[in-house]
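Only one chain is given next, in structure tokens, and it is the form predicted on its own.
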Amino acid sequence: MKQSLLYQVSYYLAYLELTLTIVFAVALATSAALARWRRARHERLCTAGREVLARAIAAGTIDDAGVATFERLPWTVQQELVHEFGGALTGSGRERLSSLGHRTGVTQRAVSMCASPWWWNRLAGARVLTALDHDAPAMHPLLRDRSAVVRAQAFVWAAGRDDQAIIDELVSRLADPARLCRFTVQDSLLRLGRPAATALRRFLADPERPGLADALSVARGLGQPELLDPTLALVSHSQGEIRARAAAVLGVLGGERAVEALTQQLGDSTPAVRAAAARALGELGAWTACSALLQLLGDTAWPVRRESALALRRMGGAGTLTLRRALGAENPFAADMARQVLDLPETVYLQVTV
């Protein structure tokens, strides 16, 4: 009797296991088939939308049938196509895409999404308006949005706006608490180019302002002459990192005042500052600093000796003669560094000086 009961339990358990396996396999096959169907449908809708947009952008206008076709597309497909075309178009092509977005209602929907209480909706709206290069007032509050990803997207949008108020806001966000936002702001300011220099000059004029290091990185990328005065003021900043970055900016700006300040920085107490000043003098080809750089070949810090020797080699004939003089120096570190840099093959030298 007991053996019969155990046999029945084992039979039902095996039956249950087989049933669950079949149900799981059917569910898996159904899910895979549904995913394939969705992908195929998505591709079909994207193809139809691409044809409408490509025809309309090429012709400069869109007919009612094209508008109706695009309006029937799901919002996700409309967003994908706007991003795809917006990232590839510039000039008149982008203007036509923006016009199409307005006529098909995509722009209006994106603007309304920028006021959503949900960050993912605000982000989606901001991305569409960025792709359309649409100057919407609804984007301005997003520059101070509580979500870092939304702020970062708004900073990308701001890179296309030659508006002093927006540029001022961008520069003020160099001290944003989120690293993603700070990086995006730097990229946007560099893309703006010269219009950003005026706001950046005002930012650099305050030595106590947070974000000075990132601001100096942008200043080096812009390389505008109007940034010289505030940068010269920062070579005596209390923080070594700021002095070193200021030296890097002076290496781009150049001029007699910059060379004079960099030569003085060769005597800075911080090795990173001395190394940055030596590199900057080499970038400027300031051969008048050869004697000062010769002294630094015997510096106690290896990065300073290395940058000084590389700077001398960058200076051409005068620098090479100085390095050869250093081969007979009493200081073994100076002679060794001069020999290493003089012996560097040209291809290796170009790689280490990038």
Partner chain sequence: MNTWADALMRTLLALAGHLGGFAAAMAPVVARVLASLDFAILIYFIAINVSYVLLVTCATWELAMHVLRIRGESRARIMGSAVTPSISILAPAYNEEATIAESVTALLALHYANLELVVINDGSPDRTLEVLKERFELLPIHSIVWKRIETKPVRGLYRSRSHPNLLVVDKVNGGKADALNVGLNLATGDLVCVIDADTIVDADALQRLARPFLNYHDILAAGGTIRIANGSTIATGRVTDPRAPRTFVAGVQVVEYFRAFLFGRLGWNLVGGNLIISGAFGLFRRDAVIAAGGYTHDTVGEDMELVLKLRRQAYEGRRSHRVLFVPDAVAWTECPESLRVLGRQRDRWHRGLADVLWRHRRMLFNPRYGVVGMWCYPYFVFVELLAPVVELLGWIGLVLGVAAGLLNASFAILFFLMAYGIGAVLSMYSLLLEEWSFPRYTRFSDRVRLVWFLILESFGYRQLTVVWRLRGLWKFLRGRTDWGRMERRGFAKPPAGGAPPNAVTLAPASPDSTRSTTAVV
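These numbers were taken from a predicted model, which means no experiment stands behind them. Numbering follows the first chain given and starts at 1. Under this definition, the rigid core comprises the largest set of C-alpha atoms superposing within 1.5 Å between the forms.
Form predicted together with the partner chain: not shown, discussed below.
Partner contacts here mean any heavy atom within 4.5 Å of the partner chain in the predicted bound form, and among 281-289, 36-44, 57-65, 315-323 they occur only in 36-44.
Using a 4.5 angstroms threshold between heavy atoms, L344 counts as touching the partner chain in the predicted bound form. Put simply, A334 is far from the partner chain in the predicted bound form: not one heavy atom of it is within 4.5 Å. In the predicted bound form, none of the heavy atoms of L294 sits within 4.5 Å of a heavy atom of the partner chain. Although the partner is absent here, R179 lies within 4.5 Å of the partner chain in the predicted bound form, judged by heavy atoms. Residue-level contacts in the predicted bound form: of R209, R202, H102, R191, one residue has a heavy atom within 4.5 Å of the partner chain, and it is R191. Only one of A159, V259, V171, A248 comes within 4.5 Å of the partner chain in the predicted bound form through a heavy atom, and that residue is A159. Taken together, the three residues H83, L310 and Q340 all come within 4.5 Å of the partner chain in the predicted bound form, as judged by their closest heavy atom. Interface residues of 297-330, taken as those with a heavy atom within 4.5 Å of the partner chain in the predicted bound form (partner not displayed): W302, P303, R306, L310, in sequence order.
Positional change of A59 between the shown form and the other one stays under 2 Å at the C-alpha, relative to the superposed core.
Core-superposed comparison between the shown form and the other one: the Cα of T300 travels less than 2 Å.
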